[in-house]
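Next comes just one chain, in structure tokens: the form predicted on its own.
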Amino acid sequence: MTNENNSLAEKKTPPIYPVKTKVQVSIIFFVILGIYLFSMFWTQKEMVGGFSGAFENMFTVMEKFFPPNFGVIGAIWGPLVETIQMAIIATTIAAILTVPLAVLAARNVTTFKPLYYTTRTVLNILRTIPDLVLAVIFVGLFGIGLFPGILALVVFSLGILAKLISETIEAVDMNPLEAMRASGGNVYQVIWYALVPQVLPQFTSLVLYVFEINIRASVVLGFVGAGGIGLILNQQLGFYNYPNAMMIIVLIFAVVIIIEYISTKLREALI
């Protein structure tokens, strides 16, 4: 009798998701799958020779890149160091400028709504401009070199950092801030003694993360004249010196991996 009751109870157990939800999810899944299949078909249709021709061209091009020319290592160390310096300077300036902007863009700290919305709007505008577009603008204003690249990375980093850190500030525990205000602390004391200790580990982690992004971005910015190793790589590709270009790519890859490993270990130690 007990077994029969248990079996009846199992049969009457309602499903986790209602039938309507299952139908909606199934329809969405098949619609997305159809979009992917159509995109794959249309992309192959527009490609000369299709995917098979693309693979043949890929192997043909890769043969031109190998073996890398190790003789150019000594000549490209200078531009490579400049690229790293560009990322360091841009990240440092952006991290300093981010502090007031992130505080102004945090809803729980900036209670004056016009100032809050104005800061948010400015940061949204900064994030909508791609770093390559910024580099092209600054190269046109200041000429080819590291300075326009640094300016482009500063603006690019500022939009990312201020957004992420402002959201971190909005997620902090407000009790220490309220206690500081209740005890008569001014705005600067509340921020320094109640807000900064909660945000500092995440702030440092995000700055290191943006530094990793800037290392990669600074290479790409060199293609539009923003200096560094990217400018040399673009020149070598333009002259069809593929072995030299391959050696530059290998060095960039090694530097990025090393910096990312060090940054990851630092973030793990901080968090």
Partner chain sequence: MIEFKDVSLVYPNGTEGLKKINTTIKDGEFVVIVGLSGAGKSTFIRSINRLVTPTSGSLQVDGEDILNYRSGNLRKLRTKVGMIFQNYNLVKRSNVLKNVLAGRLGHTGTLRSILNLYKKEDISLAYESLKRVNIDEKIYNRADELSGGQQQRVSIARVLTQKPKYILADEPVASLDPPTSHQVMTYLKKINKEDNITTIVNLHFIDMAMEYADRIIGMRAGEVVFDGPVSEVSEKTFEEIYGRSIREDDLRGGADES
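Treat the numbers as computed from the prediction; the structure is a model and nothing was measured. Positions refer to the first chain, counted from 1.
What comes next is about the form predicted in complex with the partner chain, which is not displayed.
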**OP:** Please pick, from 121, 189, 85, 92, the one residue with any non-hydrogen atom lying within 4.5 angstroms of the partner chain in the predicted bound form.
**Re:** 189
Original post:
Three residues, 184, 194 and 198; all within 4.5 Å of the partner chain in the predicted bound form via heavy atoms?
Top reply: yes
Subject >> Contact test in the predicted bound form: residue 179 vs the partner chain, heavy atoms, 4.5 Å >> reply: yes
**OP:** State yes or no: in the predicted bound form, is some non-hydrogen atom of residue 173 no more than 4.5 angstroms from a non-hydrogen atom of the partner chain?
**Re:** yes
Original post:
Tell me which of 213 to 221, 26 to 34, 198 to 206, 228 to 236 has residues with heavy atoms within 4.5 angstroms of the partner chain in the predicted bound form?
Top reply: 198 to 206
